[in-house]
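Next up: a single chain in structure tokens, the form predicted on its own.
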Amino acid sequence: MNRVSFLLGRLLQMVVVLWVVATLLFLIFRLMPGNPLVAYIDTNFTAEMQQTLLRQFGLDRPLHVQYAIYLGNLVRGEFGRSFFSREPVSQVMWQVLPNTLVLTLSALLLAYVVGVLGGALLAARRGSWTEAWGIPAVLATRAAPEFWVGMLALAVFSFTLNWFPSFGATSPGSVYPNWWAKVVSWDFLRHLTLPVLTLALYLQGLPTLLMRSTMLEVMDEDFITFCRMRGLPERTILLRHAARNALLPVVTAFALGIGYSIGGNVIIETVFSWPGLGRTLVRAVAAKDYPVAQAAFFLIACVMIAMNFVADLLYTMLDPRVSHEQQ
């Protein structure tokens, strides 16, 4: 019963937070100064033509009526139409969201595999030159601005060595029978490499330091001492017992990392001109394409809130010592 109450409480919190986010997005874009269609309306448009456009997009109605329509459409998964392309916003989102998911998941998997192994190595070599050089190197990659690392990667590997493309997800004119054929193509993988490596270089700092810190705590536990008393090899103790028990916070951090990375991919996608959700969001805000910007912000918020819920769920499932009442 405690688990059911916990899940229902978390789900209710998710709904409330999503409603607050949706309301804030509605108010922010509606209350901004200026006409939302200022970049869309031609200077030769008459007042009657401008009013017709406002009526067409539903912007001539009172604010509370627009809000009611907005919430109703949101519940049905409808985000309206783009002010500029006139395409359904949901269609625009589905065109770019898969690219963002591929970029994010690829970078996260690479970062956490390297981070878990690197953190375990740093913990095992505590006090050695490996730790003395490894920790500053990890901190440096974590502190380096993503846009600077991305521009450096483009300058070296794209413009100087010409190893990888400098923009986009595929070469101009490339046509594929379906999305899966595009993702597994060599052309797509070449375009994906630099953004993934740049993002993974930044993301690996958290799992590396988290794994090292947790491993050092686990190494002082009584069951590790008991394993040594049994005469188990140090390698077996580190990998089978210490590392396995130290993975819990890393697993939950991975779930949170999916949400935060999708929301933070704006810089990477802009630097590498990657056709993803972050780049679409930046372009929509700059062009005052409110429906597209609202949908992009809302999808990012949905992913982040959902991943927070998954992290809570994983933590309670993987560690039976954690009680729902304490959370």
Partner chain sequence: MSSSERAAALPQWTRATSTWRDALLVTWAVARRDRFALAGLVIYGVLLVVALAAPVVAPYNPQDLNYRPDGEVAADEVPSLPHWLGTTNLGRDIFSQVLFGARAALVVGFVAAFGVVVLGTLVGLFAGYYSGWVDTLLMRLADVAFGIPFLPMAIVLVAFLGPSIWNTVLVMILLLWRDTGRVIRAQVLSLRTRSYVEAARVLGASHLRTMFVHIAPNVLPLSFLYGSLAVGWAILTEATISFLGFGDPNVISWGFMLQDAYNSQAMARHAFYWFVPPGLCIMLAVMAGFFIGRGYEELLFPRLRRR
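Positions refer to the first chain, counted from 1. Every value quoted in this text rests on a predicted model; they were computed, and no experiment measured them.
Below, we turn to the form predicted together with the partner chain, even though it does not appear here.
Q: Looking at the partner chain in the predicted complex, is some heavy atom of each of 69, 185 and 250 within 4.5 Å of it?
A: Not a single residue of the candidate spot has a heavy atom within 4.5 Å of the partner chain in the predicted complex.
Q: Within 4.5 angstroms, counting heavy atoms, which one of the listed stretches 193-201, 88-96, 136-144, 101-109 is next to the partner chain in the predicted complex?
A: The contacting stretch here is 136-144.
Q: Heavy atom within 4.5 Å of the partner chain in the predicted complex: which of 181, 114, 189, 152 fits that? Just give me the one.
A: So the residue touching the partner chain in the predicted complex, by this definition, is 152.
Q: Could you confirm whether residue 63 comes within 4.5 Å of the partner chain in the predicted complex, counting heavy atoms only?
A: Looking in the predicted complex, residue contacts with the partner chain do not include residue 63, since no heavy atom lies within 4.5 Å.
Q: Heavy atom to heavy atom, is residue 258 within 4.5 Å of the partner chain in the predicted complex?
A: Looking in the predicted complex, residue contacts with the partner chain do not include residue 258, since no heavy atom lies within 4.5 Å.
Q: Test of understanding: in the predicted complex, would residue 295 fall inside 4.5 Å of the partner chain by heavy atoms?
A: Output for residue 295 is no: heavy atoms all beyond 4.5 Å of the partner chain.
Q: Tell me, yes or no, whether residue 52 is in contact with the partner chain in the predicted complex, where a contact means a heavy atom of each within 4.5 Å.
A: No, residue 52 is distant from the partner.
Q: Scan 278-298 and note down the residues that get a heavy atom within 4.5 Å of the partner chain in the predicted complex; none is a fine answer too.
A: 281, 282, 285, 286, 297 sit within 4.5 Å of the partner.
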